[in-house]
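The chain below stands alone and is given in structure tokens; this is the form predicted alone.
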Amino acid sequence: MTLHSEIFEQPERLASLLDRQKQTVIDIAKAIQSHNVSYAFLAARGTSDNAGRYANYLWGAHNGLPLALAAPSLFTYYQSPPRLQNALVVGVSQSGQSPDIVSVLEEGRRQGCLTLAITNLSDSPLAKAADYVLDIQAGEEKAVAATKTYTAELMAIAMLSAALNNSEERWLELGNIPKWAEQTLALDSAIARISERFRYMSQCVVLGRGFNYATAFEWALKLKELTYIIAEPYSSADFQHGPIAMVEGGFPILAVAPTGKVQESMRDMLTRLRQQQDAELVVISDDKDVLSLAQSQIQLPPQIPEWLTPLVSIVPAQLFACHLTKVKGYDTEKPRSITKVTETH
């Protein structure tokens, strides 16, 4: 099992999660609805923190549920946890091993909050600290760089949103995710060729906005941990507030810009970067006009609802990072300085 093969497992794993855990998610949603939950308080690190960014947008937009991303050091080093009255306290961790994430759920329980663990190990310390456990059932992930566990976390977050809304339409839309992911994987060879163009890239910016703000962060993280380049993620809005000044001719900009409410903003930014600043653009989108701005184009399947695009758009980004790692002569299975399980305090 390799990083590349685990990327290709994702359609099957997502379909299985949707099928096997739907009732569990519905039961968790009912428990949330029966409590006086005013907001979600989510603790995570690394890739799982990027899944939390998706939850921030999705649960806010579709469920009216404000979300605060926890600062776990307040619970460990500072021993000064905030008041969590009426919070749904959520821990997201593939391994469920990190003591600082566990400490947030333990404190949530102490304060009488409803607690939920989203994890790939149902008998982990994080799971044992939670009232409810949503096992993402991604199977063993041997590659150090998380791929299938990330999309499974996104699927779990999206399923919970659909259940909280009791929306059959959104459940039906979720059912299309494995098919869309499969279609995107068919671009593997084309993405491998695109990656060769960036053999000598040492720095880049990754742009996304709205639901795909999370995708920008996750794509940048994969590039950092696998190819060791300086990859800085930004909202296209934040990028205008100063960082855009670093762009000069040939500067690489990677962008995720599927059809949706923020696409016009992304299009305007990409037009400026290409026409005025001569940036080197890699764009993931389903829109031909947006793709036409890029020297390197990665086309998503059409008609994906915007709220679900992060589950599909990250797949070509994972492939790009995987192939670029090989092009640069690095080992996709053994990134330097990091291990599969990171335990922070």
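What you see is a predicted model, and the numbers here were worked out from it, not measured in a lab. When you see a residue number, it is the position in the sequence shown, counting from 1.
Note that the form predicted in complex with a further copy of the same chain isn't included here; everything after this is about it.
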Can you work out whether a further copy of the same chain is within 4.5 angstroms of a heavy atom in all three of Pro66, Ala237 and Val247 in the predicted complex? yes
Considering only heavy atoms, tell me if Leu134 and a further copy of the same chain come within 4.5 Å of each other in the predicted complex. no
Is there a non-hydrogen atom of Pro305 within 4.5 angstroms of a non-hydrogen atom of a further copy of the same chain in the predicted complex? no
Is there a heavy atom of Gln297 lying 4.5 Å or less from a heavy atom of a further copy of the same chain in the predicted complex? no
Can you tell me whether Phe320 touches a further copy of the same chain? I mean in the predicted complex, with a 4.5 angstroms heavy atom cut-off. no
Within 4.5 Å of a further copy of the same chain in the predicted complex, heavy atoms considered, which of Ile194, Leu84, Ala129, Leu270? Leu84
Exactly one of Thr215, Thr147, Ser98, Gln94 comes within 4.5 Å of a further copy of the same chain in the predicted complex through a heavy atom, and that residue is Ser98
Looking at 73-81, 118-126, 149-157, 178-186, which lies within 4.5 angstroms of a further copy of the same chain in the predicted complex, counting heavy atoms? 73-81
Residues in 198-237 close to a further copy of the same chain in the predicted complex, defined by a heavy atom within 4.5 Å, in order: Ser202, Gln203, Arg209, Gly210, Phe211, Leu221, Lys224, Glu225, Tyr228, Ile229, Ile230, Ala231, Glu232, Pro233, Tyr234, Ser235, Ala237
